[in-house]
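The chain below stands alone and is given as structure tokens, in the form predicted alone.
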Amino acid sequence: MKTNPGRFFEEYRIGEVIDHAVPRTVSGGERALYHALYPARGALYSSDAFAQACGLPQSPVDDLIAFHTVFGKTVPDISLNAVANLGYAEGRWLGAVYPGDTLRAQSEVIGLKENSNGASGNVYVRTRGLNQRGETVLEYVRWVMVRKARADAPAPDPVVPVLAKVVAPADLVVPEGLTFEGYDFALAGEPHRWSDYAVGEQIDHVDGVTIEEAEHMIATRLWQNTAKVHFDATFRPDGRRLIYGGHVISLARALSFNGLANAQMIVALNGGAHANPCFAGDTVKAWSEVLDKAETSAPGVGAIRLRLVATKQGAEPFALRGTDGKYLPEVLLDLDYWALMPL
């Protein structure tokens, strides 16, 4: 058989290293489409002049463009037969990605656990994104629920990796040359700096975006994500296309500009969960909570740890879990990340 049916849970092995096809050179085209698909307007990712004033050679591509590009490379080998992408941990952006850079991906299987229904299992992988020089620019762990080809296939011995709950501030990587000493708050869009935010503070980002079928499929194709659940309406029993979780991440991150315009660069992904499925017609809103703050060695640059929550219609402000401890049905995303902000 010359076509690729995708891999099933019973086909993975602990320690297996997968080099993913196809490398991709990113350009200003990805940026233009990204800014068209999401209300993204961070100054550092929009203006070469602003980025150069902050010590960078030019404006890098958005941090989530790098993430989506690397993620998309892994789909044919990891999640083509996925039921759902479940979570993230230990994510770090290790170097800026600029137009003209070529990205490829490599993953190692670090955990396997069959589900109690015997029809699927969770696959844990550590993925690295590498540039044309072989430098790792991004790394993260994710776990995904993958179908079995045969329910009676023997299950591997369960291995669930122990993952850090948070990336330590000392392990955050600030892009080479970055300085916020001459940061222009007027051009950035808001006056609020690192010292204006308090741990425990919650921010309602106010705005919302209603998702359409066409735009989410364009976005998912842009990242060359071929997972069947996002395109084939016959793949799910309910006949609905599942919105790619990364689409929700980017929408929520872009919506957070209103209140967090100066949280310029994501440098770590501590954890994340796609709490409930998202479908076309849902209206996505977002709120954030400040979880921690830290200084960095870069001039004028602070780090802020944020919880970003995406919700859909019917959600109460700042409501996350019910009395049973489970996510409320209106919660779509619960993401924990570090970003860089001017002191």
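Throughout, we count residues from 1 along the sequence that is shown. None of the values given here were measured: they were computed from a predicted structure.
What comes next is about the form predicted together with a further copy of the same chain, which is not displayed.
Candidate site formed by A89, V160 and T296: none of these residues places a non-hydrogen atom within 4.5 angstroms of a further copy of the same chain in the predicted complex. Though the partner is left out of this view, P23 does reach within 4.5 Å of a further copy of the same chain in the predicted complex, counting heavy atoms only. Using a 4.5 angstroms threshold between heavy atoms, G29 counts as touching a further copy of the same chain in the predicted complex. Proximity of D292 to a further copy of the same chain in the predicted complex: non-hydrogen atoms within 4.5 Å are absent; the residue sits far from the partner.
In the predicted complex, a further copy of the same chain stays beyond 4.5 Å of every heavy atom belonging to D238. Taking a 4.5 Å heavy atom cutoff to a further copy of the same chain in the predicted complex, the contact residue among Y183, Y140, W143, Y197 is Y197. Partner proximity in the predicted complex, defined as non-hydrogen atoms within 4.5 angstroms of a further copy of the same chain, places exactly one of 224 to 232, 108 to 116, 171 to 179, 145 to 153 at the interface: 224 to 232. Of all the residues from 140 to 156, none has a non-hydrogen atom no more than 4.5 Å from a further copy of the same chain in the predicted complex.
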